[in-house]
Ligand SMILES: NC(=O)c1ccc[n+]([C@@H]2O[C@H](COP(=O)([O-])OP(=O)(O)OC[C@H]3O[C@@H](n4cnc5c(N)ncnc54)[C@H](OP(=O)(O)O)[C@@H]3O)[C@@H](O)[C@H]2O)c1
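Below you will find one chain, with nothing else, as structure tokens; this is the form predicted on its own, and questions on how it binds or moves follow later.
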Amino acid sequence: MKILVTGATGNVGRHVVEQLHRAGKQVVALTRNQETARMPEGVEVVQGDLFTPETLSSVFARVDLIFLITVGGEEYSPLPGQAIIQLAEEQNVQHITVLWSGEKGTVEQAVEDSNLSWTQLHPGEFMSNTLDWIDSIRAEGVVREPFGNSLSAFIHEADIADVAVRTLLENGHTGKIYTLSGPEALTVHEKVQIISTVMERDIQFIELTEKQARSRMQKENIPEEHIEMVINWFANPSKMAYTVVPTVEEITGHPARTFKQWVREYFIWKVKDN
């Protein structure tokens, strides 16, 4: 049995690849750049692009299961979902686990309309989003963000991968849409305090106005529609964004990982890596 992991070099996909590999499964990692993929020994790396699914027929034909990531697409453009899912049906893929952002797009609709076995995973914010703070912490010991009291039950990427692997390898997950969260809802203030505590360094939080936040994103050439989406997400978070749910523990048997654990495992080393 071969399992295709799309987005294999990403924050979630890399965890999925590593977990499947440790479990002794045959893994095919899809990436746009084979030379920089740096996959575990024994993982087959193939070059491809979900935005051109017609080039993936030979890959889909050789796999039985697919982990399909739709979040963080090319400039947030919708993937050609109908073509991807049609290709999976034509090549007799047994099951697809889809990771999505909560905004139902072309892939999610196509997979629901198909005859495929599928599971959909709907996580909230990723803990890795705080990696955007590395440069300012390293240089100044400062985090600058708007909406300091905005709550997020953000999730460790390894927990998303744990759930994804279970849905790929176990029965009983067909047709399910799982909402995923971390074990606690934290404000931006609290996130910064945790990083400060773990690093044993005084890190200052400076709260930006909405105007300042918009200006910063505009200087980074972020499209206006994406700026609006980010501002709305944090200014008026949906209930789902800050609601803690037990799904990770229910499916995996272990509690969701904390932000403090994530900081120890990833953030602190990246800040120190000059």
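Model, not experiment: these values are computed from the prediction. What we label the rigid core is the largest C-alpha set whose atoms superpose within 1.5 Å from one form to the other. In case it trips you up, residue 1 is the first one in the sequence shown, and so on.
Keep in mind the form predicted in complex with this ligand is missing from the figure; the text below concerns it.
Peer 1: Report yes if all three of Val12, Leu99 and Glu125 come within 4.5 Å of this ligand in the model of the complex by some heavy atom, otherwise no.
Peer 2: Every residue of the spot touches this ligand in the model of the complex.
Peer 1: Taking the partner as it appears in the model of the complex, which of 125-133, 142-150, 197-205, 174-182 has residues with heavy atoms within 4.5 Å of this ligand?
Peer 2: Contact criterion met by 125-133 only.
Peer 1: Using a 4.5 Å heavy atom cut-off, state whether Asp49 contacts this ligand in the model of the complex.
Peer 2: Within the cut-off, so yes.
Peer 1: Taking this ligand as it sits in the model of the complex, is Arg32 near enough to touch it, meaning that at least one heavy atom pair lies within 4.5 angstroms?
Peer 2: Yes, Arg32 sits close enough to this ligand in the model of the complex that at least one of its heavy atoms falls within 4.5 Å.
Peer 1: So, in the model of the complex, is Ile69 in contact with this ligand at a 4.5 angstroms heavy atom limit?
Peer 2: The answer is yes: Ile69 has a heavy atom within 4.5 Å of this ligand.
Peer 1: Test of understanding: in the model of the complex, would Ile3 fall inside 4.5 Å of this ligand by heavy atoms?
Peer 2: No, no contact at 4.5 Å.
Peer 1: Comparing between the shown form and the other one on the rigid core, is the C-alpha shift at His226 2 Å or larger?
Peer 2: Yes, the C-alpha moves 2 Å or more.
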